[in-house]
Structure formats: C-alpha cells, structure tokens
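The data below hold one chain only, encoded as structure tokens and taken in the form predicted alone.
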Amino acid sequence: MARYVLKRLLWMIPIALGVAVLVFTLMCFCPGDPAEIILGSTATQENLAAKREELGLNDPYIIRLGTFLSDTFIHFDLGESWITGASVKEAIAERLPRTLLLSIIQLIISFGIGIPLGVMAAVNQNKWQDNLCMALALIGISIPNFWLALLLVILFSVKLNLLPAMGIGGIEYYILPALAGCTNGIAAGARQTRSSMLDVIRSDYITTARAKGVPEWQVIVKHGLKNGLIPIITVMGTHFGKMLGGTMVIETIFAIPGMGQYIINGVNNRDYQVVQVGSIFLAIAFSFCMLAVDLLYAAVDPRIRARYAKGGKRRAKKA
C-alpha cells in the first residue's frame, strides 16, 4: 500500500509540470499587454518597452518557459504579483485554506443530502418518493450557481438580514456560498446513489439477508449502501475537484478572498505569475483529492485492499 501511495505521489510531478506548461502557453496567447495594464494607458512607449524588458516579455517563448519552470520547481521561487508586487507564495498560503474550507463544506452538504435522497429514491423505485427525489435532482443540476447565489443574498442578507452577504469571518460567512455551490453536488450524489443502489438491492446477498430476517434498515445501509459506495466515492472525488475550480464564481460574488477570486483577478489583470502558480496549486490539490479517493476505495472494499497488499508482496518477492 505504501508503495502504491509513493507511486501516486511521484505521478504528481509530471502532472504539475504538464499543467504549468499548458497554463503558461495559454497565457502567452491571451490578448492584452501586461505592461500597459500595469503602467496605465497614459504610459509612453519608452516606459512600456522598459517594463516589458523588466518582466521578460521580450524573451523568446522557450526561454521564458524554462525560466518559469526552473524558478518554480527547482528553486521554489513562486515570484511576486506583477500588479501588486506582493509575494505569490504568501498570498496562496493565505487564500488556499479558505477555498479548501469552502469546498469541504460544499462536499459535506452535497453528499450529506444527496446520498439519503438517492437511497430513498432507489428503495421506493417508480413511486412518488422516487419521482420527487429525481425531480429535485433535475432542478438542482439545472440551477446556475451564480443565479442562486444572488437570490440567497437578496433573501437572507438584504430582506431578512440573517447572514452576511460578503467577506470573511466566522463560519456564518460560508453558509450562503456553500448553499449556492452545493446544488449540483446534491443532484450528482442523488442520481449516482440511486443508480448504485438499484444495482445492489437486486443482488442475491440482499435477498438472502432479508430472508434471514435482518432488519430492513440494516439491509439497506450495512449491506446495500456499503457495497454501492465505490461509484459514489468516485463522483464525490471528481465533484470535489470541480468545486476547487468552480469556487471562482462563488468567491467573486461573495467577495471571499480565496484562490478562485485570486486567479480571476490575475486573468483580468494579465498577472501571469498569479494565474500560472495558482493553477499549479489547484492541480496539485486535485491530485491529492484523487489519491484520497483511491485510498477510500481500499478502505471500503476489502478486495481492493487485498489487491494492494498482494501487489506489494509480489514486488518484494521479485526483489
């Protein structure tokens, strides 16, 4: 198992390099002159030329790419923002925990509601409960997050004055952003849970458990849901990765100084260093998320855990 985890951690290196090259290349083709954005439209051509030379924008693409990769991955120098002059490393250290916290809250709400809805729909297949759950899932996956966010602000902040509309502080500042961003997750969790449970509850061991007189709730939760968790965990992992990137809109609306807002501002200002380094950190965070999904597979399914153990033993014997 430890060998497998080490292998996955090593795979993160080419993933981070690939993301770095891709984002760097895309930023090179973005319209707009960073020097003009920094100095303003009233700057002279001499000042603009001097600023481009200072930022290295006059160097060939391959030299700029090599310098960026060397500074980031060899010297661990993440540089400074071209617009504010602040350290990118310090900004990410401050903002990344907020984005992770918001994404985790969204994940808990999404699948804390979506999984029970999916179980209820599967147990009551083709009944009114099933139709109601699937209708709610359809609505949840169709609602735009930004539209729902604005409605929540109007209702709970402007009309009722119960929750803050923007900014950061206590946990109450994360309630509206989490509610606005979790609707798609609830829908995805409900649909996948229903599909998995319908496959499981038709199995022979479920029929045997019922024939033995096992209480229905144990049949559903202990035997049914536990054995149908693998595809649900997959959806949870991929959806958490989407939440990391999807918080850009939510953080912008609610003025949360997280990674999403940081990268959006970097794109608008052509702040290449912010966008490139921020994207790399999000890619690494997503890679850790996928590693956690694989480890959850092993925790839920003894067959996968045994496969990891056998793989390690075989390699040890060969050595």
Partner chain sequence: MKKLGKKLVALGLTLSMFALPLAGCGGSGDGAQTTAAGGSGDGGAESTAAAEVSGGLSSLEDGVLDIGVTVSWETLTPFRSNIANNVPFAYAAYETLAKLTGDKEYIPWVAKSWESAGDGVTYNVEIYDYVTDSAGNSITANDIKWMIDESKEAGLKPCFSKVDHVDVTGDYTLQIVMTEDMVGAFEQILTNTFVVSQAAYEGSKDQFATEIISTSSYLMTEFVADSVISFEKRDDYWQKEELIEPQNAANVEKLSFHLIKEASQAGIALETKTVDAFVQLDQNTATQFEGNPDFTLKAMSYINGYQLYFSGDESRIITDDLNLRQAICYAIDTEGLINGVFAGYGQKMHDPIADTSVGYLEKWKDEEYYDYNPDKARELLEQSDYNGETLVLLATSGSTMQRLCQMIQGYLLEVGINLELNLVDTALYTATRLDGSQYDMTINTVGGDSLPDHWSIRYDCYAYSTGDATGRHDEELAELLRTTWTQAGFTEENIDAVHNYLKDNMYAYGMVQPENIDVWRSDLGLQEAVVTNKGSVNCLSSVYGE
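Because the structure is predicted, anything quoted here is derived from the model rather than measured. Positions refer to the first chain, counted from 1. For clarity, a rigid core is taken as the largest C-alpha set superposing within 1.5 Å between two forms.
The form predicted together with the partner chain is left out here; the points below concern that form.
- The stretch that touches the partner chain in the predicted bound form, counting heavy atoms within 4.5 Å, is 81-89, out of 81-89, 231-239, 181-189, 113-121.
- Of the heavy atoms in F76, none are within 4.5 Å of the partner chain in the predicted bound form.
- Interface residue remark: L138 is counted as part of the site for the partner chain in the predicted bound form, having a heavy atom within 4.5 Å.
- Although the partner is absent here, K51 is a contact residue: one of its heavy atoms lies within 4.5 angstroms of the partner chain in the predicted bound form.
- Taking non-hydrogen atoms only, V153 approaches the partner chain to within 4.5 angstroms in the predicted bound form.
- A single residue from the set I175, I108, L100, M166 has any heavy atom within 4.5 angstroms of the partner chain in the predicted bound form; that residue is M166.
- Checking I284, L65, A43, L291 against the partner chain in the predicted bound form, a heavy atom within 4.5 Å turns up for just one residue: A43.
- Of all the residues from 250-287, those having a non-hydrogen atom no more than 4.5 Å from the partner chain in the predicted bound form are T252, I253, F254, A255, P257, Q261, Y262, N265, N268, R270.
- Superposition of the core reveals a Cα shift of 2 Å or more for K159 between this form and the one not shown.
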